[in-house]
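Here we start with a single chain on its own, the form predicted alone, put down as structure tokens.
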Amino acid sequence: MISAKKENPIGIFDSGIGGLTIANAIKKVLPNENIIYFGDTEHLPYGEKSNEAIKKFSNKIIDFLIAKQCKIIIIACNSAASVTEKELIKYKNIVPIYNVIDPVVQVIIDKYQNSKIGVIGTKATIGTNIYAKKIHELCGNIDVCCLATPLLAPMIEEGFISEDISQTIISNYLSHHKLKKINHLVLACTHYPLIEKEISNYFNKKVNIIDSSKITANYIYHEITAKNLLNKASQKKHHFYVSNYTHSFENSAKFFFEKAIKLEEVKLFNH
């Protein structure tokens, strides 16, 4: 394990802007932490890529964040987390790596037994069936229904959130028979909290929406506190990297972090 200092940054990565919902939640729960964020905008969305490609991209980014001396790394991407779980064993003695799936599964086990849980996510995430597998390993009395909703992440990435076309896409997905009579809905893609209001309105606010960003941030707070890595200094330095510069990413990061941000393009990948 690398000798981490409290003031070392927390590393977070995703394929695009979705993981900014995690970074924003971390900022609120852990206001003194320095954050390094990597958005792999060159390859988004990961949900449409092969498992091998996602593993390759993730390994490169994790190596980059380790080189930046991150004290922990958060995979803020359900697609990456769902297909790289076994891959990450090689990093276990280098840096603690967390994902956005396990904290949500734990909350479901603790709070929502004897319920019907819907899960919406990318093709890659839903294809692994990771949520149902992890939940049923720990608890057999929860009904888990998973549905791939592949158009949502690119729709959000392009800024189509409040238009008629986005409402039509959301309604078409959520009306699927798999999601009938669900009590709770897991937003199994970190882009989806950006349309949480629209999703909740579709269900007339009668379905509990499970947002991984707040759950993950609280989980990380407890983890770094237990590891004695909580940064108590108040001088924060956030740095944002992308594999392909886009104005939409910069605008989204400014929206979440409410100030001018330092955004840098880094070419990690050889083609």
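Keep in mind it's a predicted model, so treat the numbers as computed, not measured. Don't overthink the numbering: it's just position in the shown sequence, from 1.
Missing here is the form predicted in complex with ligand DGL; even so, the following discussion is about that form.
- Leu44 belongs to the set of residues with a heavy atom inside 4.5 Å of ligand DGL in the predicted bound form.
- Contact annotation: Ala153 falls within 4.5 Å of ligand DGL in the predicted bound form, judged by heavy atom distances.
- Using a 4.5 Å cutoff between non-hydrogen atoms, Cys189 counts as a contact of ligand DGL in the predicted bound form.
- In short, of 45 to 53, 23 to 31, 227 to 235, 200 to 208 it is 45 to 53 that has heavy atoms within 4.5 Å of ligand DGL in the predicted bound form.
- Taking a 4.5 Å heavy atom cutoff to ligand DGL in the predicted bound form, the contacting residues in 98 to 125 are Thr122, Thr125.
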